[in-house]
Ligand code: HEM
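Below you will find one chain, with nothing else, as structure tokens; this is the form predicted on its own, and questions on how it binds or moves follow later.
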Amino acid sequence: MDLLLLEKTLLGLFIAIIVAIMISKLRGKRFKLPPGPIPVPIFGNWIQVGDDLNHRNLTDLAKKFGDIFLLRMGQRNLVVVSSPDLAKEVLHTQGVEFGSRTRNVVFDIFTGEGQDMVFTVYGEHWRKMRRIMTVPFFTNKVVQQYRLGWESEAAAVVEDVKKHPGSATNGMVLRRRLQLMMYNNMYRIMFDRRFESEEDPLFMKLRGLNGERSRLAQSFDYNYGDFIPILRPFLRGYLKICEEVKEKRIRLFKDYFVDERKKLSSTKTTTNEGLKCAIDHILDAQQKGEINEDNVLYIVENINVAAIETTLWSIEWGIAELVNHPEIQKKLRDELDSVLGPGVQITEPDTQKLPYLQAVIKETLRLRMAIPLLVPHMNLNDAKLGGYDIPAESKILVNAWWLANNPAHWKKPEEFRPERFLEEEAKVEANGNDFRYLPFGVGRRSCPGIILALPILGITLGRLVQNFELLPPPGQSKLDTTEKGGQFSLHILKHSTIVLKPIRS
């Protein structure tokens, strides 16, 4: 059986080489393609550049080939843009042309081939899903409805840290407790539910499956089968594991959360105005025939990944930078004490009165962007960009990290310096008003979660700095901030032990 598979693979490779050469010659005559390394048949540039297409590696290629370049990864065209003007073209000026999403073999599994909102193609389904998700998740009304809950969760973190043995001396891995906080923040909005502790069996199961999903989806290990479809048989084992994890997660969402909410709603007489949480709005849209049950479950899948983990990564980066820059941490604490009063705990409305806190958040999102390449875009049809022809269904990556860290556009970008957002970059906001700084993207496919992420970041970092001096563990002068990148994610490699010394009893 293995020999038969090998024979078929070799035959497929031979045929694909001939086809690739023919297509390459035809396209060479027809298209003016962006510059890039010279591809070889079948493999394209994969052998030259490897699997790890992270933001720093793509930045090195941009320095060599320019602000727009093309990589041929097997049968896929990958176009990378690295200038504010080109980013504006992709995300704004030609937002419709480049408004679709490219997926891969693994993301197809986890999104039901685009039945969600984040990874669906640009069109009627996306518009419908975005509209249905906006009212229950992404409005200022939602922020005001749930801010007291976020403040309560942050207060619970502070109390649990104070009770934790050794947190003030040997330290603790704070991320674990913050992860529980973030799940509670989002599950309050989604299901009017929360988990009492990190040991809650349902929370542990949910966290484990979500973590496995993230690991499988963000890994570079499956790229060879995605770039070169004839090699896909060798991915069977990997894709089978993905299918199993997907089924377990979807079943968990359905049995323990969506169906439970349906039962609760069926026992009460509710109107649209009286709906308590996001899933009620989503289920109402399903009852009206606007979406189906699979769409409901994939909305839950999107929130579990896109809203919880990305915000958690940013909180973790912010804490690490404050630990490693005690002078910035003190300056932030002084602002909190002088504006709010010593011991007066920060609330969501207070975050807008604290310019240095806002600057710390902006600087964290600039230097340590959670999605440094944004979510990939795609053009459904042949398009033009930067004077070049872009073949249909090309994967378009905007290197947003390099836009925000290019020394040609920023003063000493390698430094963590919040003051830049109070001085030379005072007019730059996180909402995409400047195409050098796009932590949430901009335009039609921007991340709507910005309206939730910014206040949660402000409340969490503010409460921690108010209540604790954040220090590295004994024997260390700084935390290790080595990066761990994925398909398009960026988080800290080691979940650090942090000493949290109470400032007030």
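Just so we're clear, the structure is a prediction, and the values are computed from it rather than from any experiment. One-based numbering along the sequence shown.
Absent from the display: the form predicted together with this ligand. The rest refers to it.
- Query: Pick from R188, R101, H325, R333: which residue has any heavy atom within 4.5 angstroms of this ligand in the model of the complex?
  - Reply: The option sitting close enough to the partner is R101.
- Message: I need to confirm a contact call. Of G449, P472, P455, P34, which residue comes within 4.5 Å of this ligand in the model of the complex, counting heavy atoms only?
- Response: Filtering the options by heavy-atom distance leaves G449.
- Can you check 221-229, 116-124, 401-409, 258-266 and let me know which stretch has heavy atoms within 4.5 Å of this ligand in the model of the complex? Only one stretch qualifies here: 116-124.
- Kindly confirm or deny that F138, A370 and L374 each have some heavy atom within 4.5 angstroms of this ligand in the model of the complex. Spot residues vs this ligand: full contact, yes.
- Message: How about R56 - does it come within 4.5 Å of this ligand in the model of the complex, if we only consider non-hydrogen atoms?
- Response: Contact check for R56: no, nothing within 4.5 Å of this ligand in the model of the complex.
- Task: Find out whether any non-hydrogen atom of L91 is located within 4.5 angstroms of this ligand in the model of the complex, and reply yes or no.
- Result: So L91 counts as contacting this ligand.
- Quick one: does G441 come within 4.5 Å of this ligand in the model of the complex, counting heavy atoms only? Within the cut-off, so yes.
- Query: Would A306 sit within 4.5 Å of this ligand in the model of the complex, counting heavy atoms only?
  - Reply: A306 belongs to the contact set for this ligand.
- Relative to this ligand in the model of the complex, which residues of 325-348 have a heavy atom no more than 4.5 Å away? Nothing in the stretch sits within 4.5 Å of the partner.
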